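Listed next as structure tokens is one chain, alone, in the form predicted on its own.
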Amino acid sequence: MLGLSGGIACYKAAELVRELIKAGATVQVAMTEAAEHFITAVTLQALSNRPVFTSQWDARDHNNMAHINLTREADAILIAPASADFIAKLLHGRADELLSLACLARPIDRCALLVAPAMNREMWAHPATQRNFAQLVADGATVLGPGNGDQACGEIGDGRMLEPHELRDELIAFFQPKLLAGKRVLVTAGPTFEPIDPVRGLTNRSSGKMGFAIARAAAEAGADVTLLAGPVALATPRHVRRVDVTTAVEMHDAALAAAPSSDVFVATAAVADWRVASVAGSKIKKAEGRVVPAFELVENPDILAAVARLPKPPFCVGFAAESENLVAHAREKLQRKQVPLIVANLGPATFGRDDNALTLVDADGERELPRAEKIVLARQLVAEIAARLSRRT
């Protein structure tokens, strides 16, 4: 159930409904009278393909009890936007219109209440508002946001409602099992870039999408996640701490610094095996008759093996991106790196794509995770890691 209270952020509700429906949700919209001044019920009815409720006196339900019936069908109520006035009303249990009635009448044990604040920065920072939100959380509600940035009034600061795609992801994450609650997870993702000169370098085709999906899935599962990202153009998953690196040596140093305090290390990054021994200080120019340059290569440090050799290593998961003999190469890597689990995939078939197929290789055998979206596979892998952690303890 999506509830709209009054505020200019109501304009984002149209896109939010579309995002939720595309993600597989059934969306029932209810609006306050104030919300109707910013967006029409007709718009939201067309997008949700369900009648929109705006009044506690709506006679369409057989018993005239929309505030009861709507919440009995809902898995969650999301108030977006949640104005300062509406939050104050919820806090005190006031119920003088349909939406506040529905929130008060919801079955608390099976219908969650989530609120997305949307207000001016001074309204958000006011002690009364902060007290109200703190008490609302103490009463069991979940607060999503707010965001920071430009506001409709022309000011800049905290108080913006999260964007539709952010609220979609927050709602999806809310329903994910918290299998890694209290755990610290370190993930590497993307390629590394080994410079030859100031403008050229050695790299590979890894997009980083699988590693970013694993970081997101681990955060959804309740983990404290640090993501070491090579040079990729991807948005940081929400609630994930990101550290950008470029070279394999930088990624190695960052991983060795973070690994001792981590419970899980997932080495998804496609790390360059070699780097140029001597990087040119200026661009190597091509000229007629000039000899083609030759480069001496030196081996990069093995990040996964180094973490696995720590006195008290985290649970280590390696990735093997191969072009042939997938299981054989993955099993060789499992034994050479001395880690409990290798996740193998065919690199040329997945680089840059949003889907993948994985093979889990451990000392007992292999198990395939059929082709699916990378976020789906990431959640399956997180569940697998959580199960193995529980068996260790």
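The shown structure was predicted, so the numbers you read here are calculated from the model rather than taken from an experiment. All residue numbers are counted from 1 along the displayed sequence.
Here the subject shifts to the form predicted in complex with ligand CTP, a form of this protein not shown in this document.
Stretch 296 to 304 is the contacting one of 176 to 184, 205 to 213, 118 to 126, 296 to 304, since its residues have non-hydrogen atoms within 4.5 Å of ligand CTP in the model of the complex.
Using a 4.5 Å cutoff between non-hydrogen atoms, C111 does not count as a contact of ligand CTP in the model of the complex. Residue contact check for K333: one or more of its heavy atoms lie within 4.5 Å of ligand CTP in the model of the complex. Contact annotation for F86: none of its heavy atoms lies within 4.5 Å of ligand CTP in the model of the complex. The closest heavy atom approach of I79 to ligand CTP in the model of the complex falls outside 4.5 Å. For the options E166, E322, E250, D244, the one in contact with ligand CTP in the model of the complex, meaning a heavy atom within 4.5 Å, is E322. Of the candidates D197, D75, D273, D158, D273 is the one whose heavy atoms come within 4.5 Å of ligand CTP in the model of the complex; the others do not.
In the model of the complex, A267, T268, A269 are the residues of 254 to 269 with at least one heavy atom within 4.5 Å of ligand CTP, listed from first to last.
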